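Just one chain is shown here, as structure tokens, and it is the form predicted alone.
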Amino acid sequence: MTRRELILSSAALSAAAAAAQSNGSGKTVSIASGNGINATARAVEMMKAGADTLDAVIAGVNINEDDPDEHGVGLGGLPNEEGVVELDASVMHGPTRRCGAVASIQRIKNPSKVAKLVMQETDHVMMAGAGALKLAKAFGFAEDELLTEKSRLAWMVWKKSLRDASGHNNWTDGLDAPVKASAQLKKMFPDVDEKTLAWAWQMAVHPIAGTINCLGLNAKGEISGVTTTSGLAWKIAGRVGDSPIIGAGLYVDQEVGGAGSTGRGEENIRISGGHTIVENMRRGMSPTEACLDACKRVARNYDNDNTRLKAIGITFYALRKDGVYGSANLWKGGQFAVNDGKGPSRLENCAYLLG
């Protein structure tokens, strides 16, 4: 090699090294839905310790999946109309551009881990129902009863709250005299305390949407994401929302960033929210602007009619490769979790489309 060739080669290597270094923002950031304070803290802690970004965010949401009092995710999630807990999840790994998902899986409390299993151990992207359960068991996942007594109570209260057009319900004692809900519930469930009964009634008439989305970026600029949920409470058995749908409940592009959603999944599927947000960021929108645009697309599908939109709750989250993040809710009042690697996780207010 001549001296000139050596100089040119060294220059090329230096340029490549500089380019590689410029790909990372030097920031370690995790954002999540409002129930992700602990998830973002764990994700950042693990990424700073050298863990892969996907392993970090999955470990973060496992906190929620393992918590029996987190009634929209994993163990203790509110069941379908038949009293069965069905879980959905998806993962995307930016560095390898791979993804995996599971839908309607039963008796496995950590669907996020099974979604990663689909990504790593198969050439498929999504597995569902009995097939997803069979795969999980083949790789050593233990089955658990996911319906806790508290969630079972909420389901029973929901069943007893149903009425046909004439006001009759087959799940009551047949005495349909008008009484205060609290008094009637106490009669039906005499051994349950007032606070728990009040919670069960609230879940029956205004069930939580559940779900946690978590995105993580390390100092090298690598980004991954996960979304996991027990889905819509009292859903028709087999219903699948946006959480396991790549491009809707979650989307990550290593060159741009990642996005996810919680809330009314059907509306997000109709606009491919995760993909839409990432493409908006690719075209120059900030994460917050990109999330607001997704909200606008949801509103447009209802002709921007606020009366019809009042029944819909949906929130979007976005994390750009340079560490800039944002979130937007259809309505005022939402919050999301952030850990920027500089201290404890915190809640920040979402931008919003409608007051």
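Worth saying up front: this structure is predicted, and the values here are computed from it rather than measured. Heads up: residue numbers just count along the shown sequence, starting at 1.
What follows is about the form predicted in complex with a small molecule, which we do not show.
- Where does the small molecule sit in the model of the complex: which of 250 to 258, 77 to 85, 231 to 239, 118 to 126, heavy atoms within 4.5 Å? Going through the listed ranges, the match is 231 to 239.
- Message: Given that the small molecule is not shown alongside this chain, does R264 nevertheless sit within 4.5 Å of it in the model of the complex, heavy atom to heavy atom?
- Response: Yes, contact at 4.5 Å.
- Contact between T211 and the small molecule in the model of the complex at 4.5 Å, heavy atoms? Residue-level check for T211: yes, a contact with the small molecule.
- Message: Although the partner isn't part of this model, could you tell me whether S243 comes within 4.5 Å of the small molecule in the model of the complex, counting any heavy atom of the residue?
- Response: So S243 counts as contacting the small molecule.
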